[in-house]
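The chain below stands alone, shown as structure tokens; this is the form predicted alone.
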Amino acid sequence: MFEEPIRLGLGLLTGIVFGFLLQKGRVAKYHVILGQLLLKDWTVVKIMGTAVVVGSVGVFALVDNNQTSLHIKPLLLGGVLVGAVLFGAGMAVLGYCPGTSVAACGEGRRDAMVGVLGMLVGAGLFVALYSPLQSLTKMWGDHGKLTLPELFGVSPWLLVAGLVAAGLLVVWFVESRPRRREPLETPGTRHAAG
């Protein structure tokens, strides 16, 4: 049922490092995420985009060296749509995504703690309602364990290279835009901003 202790420990260590980097990158702060949603502060896109690009290179390098394997989930478009709507609604209401809300809890932010509690309740409801929800998640069919390299019939590294190029293009675009000075967050701006 559970992974080996060394794998669990590695996962915990990786999570701690990722949380540390989220905090140091300021993406666990409400006003930074709000600035991203308003397209005024691109810190979140730069950090998360970098994580996706570096993670893609690392994962496929590990797969090529037989150090890990991919655990691909079936493509259920109904589930993806419902999940995307719930994710977007939760992020709009709370002002944090799941990862940044946990990191914000580490900073002692009570609004994020309420959000994490809500996520745990939502996860429990999903487990309890898993069977009835199957018809909803499969309303547009089960397309199987499909990956983009399989779909396009190309090497995964070609897509990773495209992802790296796209990431560099986004960074160039964001960094070439004129910067606007935003006021620093002070106690009280959390609610004033919302």
Partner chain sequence: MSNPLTKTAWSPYLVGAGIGILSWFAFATANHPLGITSAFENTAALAGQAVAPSLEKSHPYYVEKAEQGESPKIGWEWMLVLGVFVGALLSSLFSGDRTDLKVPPLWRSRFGNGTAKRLVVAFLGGAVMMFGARLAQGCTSGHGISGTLQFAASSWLFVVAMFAAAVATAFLLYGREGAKNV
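Quantities reported herein were computed from a predicted structural model and do not represent experimental measurements. Numbering follows the first chain given and starts at 1.
Quick note: we don't show the form predicted in complex with the partner chain, though the next part is all about it.
Enquirer: Within 4.5 Å, heavy atoms only: does Asn65 come near the partner chain in the model of the complex?
Expert: No, Asn65 sits far enough from the partner chain in the model of the complex that none of its heavy atoms falls within 4.5 Å.
Enquirer: Flag Gly55 as yes or no: does it have a non-hydrogen atom within 4.5 angstroms of any non-hydrogen atom of the partner chain in the model of the complex?
Expert: Yes, Gly55 lies within 4.5 Å of the partner chain in the model of the complex.
Enquirer: Quick one: does Lys24 come within 4.5 Å of the partner chain in the model of the complex, counting heavy atoms only?
Expert: Answer yes; at least one heavy atom of Lys24 falls within 4.5 Å of the partner chain in the model of the complex.
Enquirer: May I ask you to state whether Leu146 is within 4.5 Å of the partner chain in the model of the complex, using heavy atom distances?
Expert: Because a heavy atom of Leu146 falls inside 4.5 Å of the partner chain in the model of the complex, the answer is yes.
Enquirer: Within 4.5 Å of the partner chain in the model of the complex, counting any non-hydrogen atom, which residues from 87 to 115 show up?
Expert: Heavy-atom contacts to the partner chain in the model of the complex: Phe87, Gly88, Ala89, Gly90, Met91, Ala92, Val93, Leu94, Tyr96, Cys97, Pro98, Gly99, Val102, Ala103, Cys105, Gly106, Glu107, Gly108, Arg109, Arg110, Asp111, Val114, Gly115.
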